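Next up: a single chain in structure tokens, the form predicted on its own.
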Amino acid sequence: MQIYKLIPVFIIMSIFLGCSKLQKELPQPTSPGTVHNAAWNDTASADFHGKYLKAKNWKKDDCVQCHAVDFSGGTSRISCYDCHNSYPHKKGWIQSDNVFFHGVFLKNNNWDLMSCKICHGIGYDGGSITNVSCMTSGCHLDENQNKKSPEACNTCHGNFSSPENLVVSWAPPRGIDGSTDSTHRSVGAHQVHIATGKLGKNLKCGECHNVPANVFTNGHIDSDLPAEVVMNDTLSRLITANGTLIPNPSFNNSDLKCSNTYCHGNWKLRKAASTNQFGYADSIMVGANFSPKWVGGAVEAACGTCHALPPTGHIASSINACANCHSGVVNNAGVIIDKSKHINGKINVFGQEKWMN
């Protein structure tokens, strides 16, 4: 009778011992080196896990056994994301309208393109690990199907489909956040200044920004948005009035207004220094020193905002008469016909150009 009472005890002990043996046989969650060899994380080694996966045509069945189907740790308790910010890539990685789109990931990780190079090679052409180029059909190619580096300026802002050496395509629209509306600060009047030449000569990017030599130049992707507006080039700071008026241009990040630039009328011309004194009604001719709003649209660029019509200090004249002296620049309807000769730092009278000074 006593033996029957011990049977449940024997059963419980058997289960316990069996489970203990099973537990000892499972891989224990310590460090990668206890399961994988020491070179498993060495990108230069033939035993690097990236090369192992490549040989298996990127099938990760072995990985999920220990690291779980989402690679978050599983029985190993070691997440692949402890080392990888983005790989194994999630579904939607190359779909621009997907929350897991790699452009979104890079933006949220301070444009860490160096992490891409680990697997895709220094030139993003596939490298020795993946043999998967970033510059394949539907990816980083321009409208002519030419390869375009992910480091091209118009990859992140401007027209993505344009050739990477087309400078006017570097400027928004599209802004860093994808904006295309000119009322958004990342878009604003970029194209009006750099591409369309609506009222004056096309400007260089460097007129307002420090243009980086490459994507990793200090002060580029390592600084916070919005982009710095420094206006260190020649036109915005053009000195006039025989060296007595030195503009100090600035951009206000709060009201988005540009101030004190030659381009918007911060200039003076002295009659005494002019070879065309007949055009002066006073000893000084001045611009309006207008402060346009970056997102203000066409109203900010209306004729007469940067200087009066005619400029203050100029002899009285109708806009239809401008062409009498400024032929080749404006027609007899007051329309600018050669934008390269307007807001270019020069005075153009009777077809003769000279620098304002």
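Numbers for residues come from their place in the sequence shown, where the first is 1. Being a predicted model, the structure only gives us computed values, none of them experimental.
The same protein also exists as the form predicted in complex with ligand HEC; that form is not shown, yet it is the one meant from here on.
**Q** Would Ser259 count as touching ligand HEC in the predicted bound form under a 4.5 Å heavy atom rule?
**A** No, Ser259 is distant from the partner.
**Q** Residue-level contact is defined here as any heavy atom of the residue lying within 4.5 Å of ligand HEC in the predicted bound form; does Asp47 satisfy this criterion?
**A** Close contact is absent here: in the predicted bound form, Asp47 is far from ligand HEC, nothing within 4.5 Å, heavy atoms only.
**Q** With heavy atoms only and a cut-off of 4.5 Å, decide whether Ile122 touches ligand HEC in the predicted bound form.
**A** It does not: once ligand HEC is placed as it appears in the predicted bound form, Ile122 has no heavy atom within 4.5 Å of it.
**Q** Hey, in the predicted bound form, is Ala213 touching ligand HEC, heavy atoms inside 4.5 Å?
**A** Yes, Ala213 lies within 4.5 Å of ligand HEC in the predicted bound form.
**Q** Pick from Ser250, Asn165, Thr196, Asn276: which has a non-hydrogen atom within 4.5 Å of ligand HEC in the predicted bound form?
**A** Contact residue from the list: Asn276.
**Q** Within 4.5 Å, heavy atoms only, which of Ser161, Asn242, Ser79, Thr234 is in contact with ligand HEC in the predicted bound form?
**A** Checking each option against ligand HEC in the predicted bound form, the one that comes within 4.5 Å is Ser79.
**Q** Do any residues of 103-132 have a non-hydrogen atom within 4.5 angstroms of ligand HEC in the predicted bound form? If so, which ones, in sequence order?
**A** The stretch touches the partner through Phe105, Leu106, Trp111, Leu113, Ser115, Cys116, Ile118, Cys119, His120, Ile129, Thr130, Val132.
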